[in-house]
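Just one chain is shown here, as structure tokens, and it is the form predicted on its own.
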């Protein structure tokens, strides 16, 4: 038996998310479909995590176990020859059985792209457009408050399951500007479902001066989702890399 680690990129705009669903098109579903053709039997992949509908990835990671003795380079060629054009295997590596795509993760990096330029339908599936003026200095100040180890319960998809650990560490939260095109970089040890999109929604509201930056530490102490109702659009979000 062999354990195969893959790095995959995909255009999320035509998918109902990453995780396999019974009746909808998903990234996991397409990959497992390709592996089933190669193996002539169902193969289940284990991934670093899931992304939601319309979210993209440059560096998603998954692994699977196989009894086929195929060279690394040939694995890449074989899988990509079957996959649809909006999914692409960038790298294949045979790894030790101690490796696990989900449980061995040390760092994840996400990036979010927000454009303050005029709406462009050609790019609308890949960037969040906001035809408003933002206070960039306030956003930069707010970003720094996300760094460190915090209880991100208020930034998750639900306040249910309060016994589940929702403490995460963000090592870096950075904004790069280029001609009204904003690139937000978030690097951490892990992220809750919708966490970055909720954080981005809050940053946008702070930039619009609808909220003050003090709301960020307030939400660490008080699990009050009513103060962070706005969830930014999915298409601006990219899973950029995963480190082990």
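Note that the structure is predicted; figures quoted are calculated from it, not measured. Residue numbers count along the first chain shown, from 1.
What follows is about the form predicted together with another copy of the chain, which we do not show.
A.B. asks: Whether residue 120 contacts another copy of the chain in the predicted complex should be assessed with a 4.5 Å heavy atom distance threshold; does it?
C.D. replies: Yes - in the predicted complex, heavy atoms of residue 120 and another copy of the chain come within 4.5 Å of each other.
A.B. asks: Please determine whether residue 149 contacts another copy of the chain in the predicted complex, using a 4.5 Å cut-off between heavy atoms.
C.D. replies: Contact with another copy of the chain, no.
A.B. asks: Taking any heavy atom pair closer than or equal to 4.5 Å as contact, tell me whether residue 57 reaches another copy of the chain in the predicted complex.
C.D. replies: Answer yes; at least one heavy atom of residue 57 falls within 4.5 Å of another copy of the chain in the predicted complex.
A.B. asks: At 4.5 Å between heavy atoms, is residue 106 in contact with another copy of the chain in the predicted complex?
C.D. replies: No - in the predicted complex, heavy atoms of residue 106 and another copy of the chain never come within 4.5 Å of each other.
A.B. asks: Another copy of the chain isn't shown here, but in the predicted complex, which of 67-75, 164-172, 141-149, 88-96 has heavy atoms within 4.5 Å of it?
C.D. replies: Selected range: 88-96.
A.B. asks: Let me know which residues along 2-32 have a heavy atom within 4.5 Å of another copy of the chain in the predicted complex, or say none if there are none.
C.D. replies: Read in sequence order, the residues that approach another copy of the chain (within 4.5 Å, in the predicted complex) are 9, 10, 11, 14.
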